[in-house]
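In the form predicted alone, a lone chain appears below as structure tokens.
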Amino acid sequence: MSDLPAPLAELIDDFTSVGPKDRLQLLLELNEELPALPARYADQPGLLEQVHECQSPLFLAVEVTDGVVRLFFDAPREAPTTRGFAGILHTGLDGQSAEDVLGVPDDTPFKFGLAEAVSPLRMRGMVAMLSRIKRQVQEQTGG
């Protein structure tokens, strides 16, 4: 997994070193760690892009400053699985270089072993989040 940003690779190690039930617990913990939106997005939700493939409403924004990617997510507290997926991507990719984020393989969401614990539709939502993040990084860097 050396092609992945270190925080993302560490998360994959954490998830795959435990059984499916504990993976869900890790996902719920990341749900709780998802930061609140900064005021510039909370006050103007139209600046966020909705990821329609998610089963619960999920909105995201990507900023690239001096080659560093910042990620912002908004999802209701009543959607812990969706927020957990966002938490994985936030923990694993926020603060990484645009090059490293663009280099994350599209099938990375399946490397957490969560497909054994959640529905394929939910996995589709996480794949869509990663796709939107990479597209927004490309748009902002011309990459």
Partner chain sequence: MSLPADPSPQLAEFAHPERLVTTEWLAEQLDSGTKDLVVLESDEDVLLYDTGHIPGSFKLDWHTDLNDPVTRDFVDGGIFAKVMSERGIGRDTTVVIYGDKSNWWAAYALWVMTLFGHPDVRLLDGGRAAWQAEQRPMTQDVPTAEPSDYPVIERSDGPVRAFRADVLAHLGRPMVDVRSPGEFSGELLHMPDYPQEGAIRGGHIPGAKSVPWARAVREDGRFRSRAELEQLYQEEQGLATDDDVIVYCRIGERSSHTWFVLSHLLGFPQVRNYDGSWTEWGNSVRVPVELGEPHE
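Residue numbers count along the first chain shown, from 1. Here the rigid core means the biggest group of C-alpha atoms that line up within 1.5 Å when the two forms are laid on top of each other. Remember, it's a predicted structure, so these values are computed and weren't measured experimentally.
The following text describes the form predicted together with the partner chain, which does not appear among the structures shown.
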Interface membership of Gln55, the partner chain in the predicted bound form, 4.5 Å heavy atom rule: yes
Give a yes/no on whether Ser119 approaches the partner chain to within 4.5 Å in the predicted bound form, heavy atoms considered. yes
At 4.5 Å between heavy atoms, is Glu78 in contact with the partner chain in the predicted bound form? yes
In the predicted bound form, does Leu102 come within 4.5 Å of the partner chain, counting heavy atoms only? no
Taking 4.5 Å between heavy atoms as the contact cutoff, choose which of Asp66, Asp43, Asp106, Glu32 touches the partner chain in the predicted bound form. Glu32
The listed residue (Leu27, Leu48, Ala98, Leu37) that reaches within 4.5 Å of the partner chain in the predicted bound form by any heavy atom is Leu27
Is the C-alpha displacement of Ser17 equal to or greater than 2 Å between the shown form and the other one once the rigid core has been superposed? no
